[in-house]
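What follows is a single chain, given as structure tokens, in the form predicted alone.
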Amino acid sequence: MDGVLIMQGKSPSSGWQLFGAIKGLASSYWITLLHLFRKPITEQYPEFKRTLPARTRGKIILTRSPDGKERCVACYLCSGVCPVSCISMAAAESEDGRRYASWFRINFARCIFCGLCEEACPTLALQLTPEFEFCGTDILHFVYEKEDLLVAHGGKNSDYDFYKHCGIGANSEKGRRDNEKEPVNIRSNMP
């Protein structure tokens, strides 16, 4: 008998399937009806601002070393890792051999705030802040230059000094910096 019902397009459990479908539809309408009479929760945004997590990614800043000099060495890692190519810069070198960015530009109209530039920065110069409230009607106002991005503090890592750990200049002798071991003679590793 069951074979005859299946061949005719009917199964013994089709009544239960229909009941389940009606129950699912009625329960969704019931939940909607319950929420219809609840008081809405409205946050008055400019007056009440929600506290954001510490790792919120927002506006990008350029930080300084503890000695007050710029941390950015214009290594181009941030612009290379940026998926939308919104970061550009040019490198220069001071008299004492310290590299810096002669100009640095970020187009926030293209930036997706992914945080890859912050992860790639070896000097911790580029950091993302929780500030997300900047908008405008002119798209050119979203292009920030180095002067707009540079801050007077060290950001999240205020005591880190890249040049104290790595030194200045690529042609200085190896093993002569603070807390650095003498270079290993590679011939001593041979059998």
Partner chain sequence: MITLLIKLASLLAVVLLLTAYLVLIERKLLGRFQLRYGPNRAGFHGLLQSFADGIKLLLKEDIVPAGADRFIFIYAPAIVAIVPLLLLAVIPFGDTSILMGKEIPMVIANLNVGVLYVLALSSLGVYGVILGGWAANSKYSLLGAIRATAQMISYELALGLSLVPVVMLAHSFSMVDIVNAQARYPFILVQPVAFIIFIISAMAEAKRLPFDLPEAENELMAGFHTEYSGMRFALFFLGEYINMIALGALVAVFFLGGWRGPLLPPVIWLLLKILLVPFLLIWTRATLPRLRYDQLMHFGWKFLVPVALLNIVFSGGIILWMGS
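Only the largest set of C-alpha atoms that superpose within 1.5 Å between the two forms is called the rigid core. Numbering follows the first chain given and starts at 1. Treat the numbers as computed from the prediction; the structure is a model and nothing was measured.
This protein has a second form, the form predicted in complex with the partner chain, left out of what is shown; the following refers to that one.
- The contact residue chosen from L33, C135, A54, L140 relative to the partner chain in the predicted complex is L33, the criterion being a non-hydrogen atom within 4.5 angstroms.
- With the partner omitted here, the stretch from 118 to 126, 158 to 166, 38 to 46, 57 to 65 that lies within 4.5 Å of the partner chain by heavy atoms in the predicted complex is 38 to 46.
- When two forms of a protein are overlaid on their rigid core, residues whose CA moves 2 Å or more are considered shifted, and E47 is one of them between the shown form and the other one.
- L34 is among the residues whose C-alpha shifts by 2 Å or more between the shown form and the other one once the rigid core is aligned.
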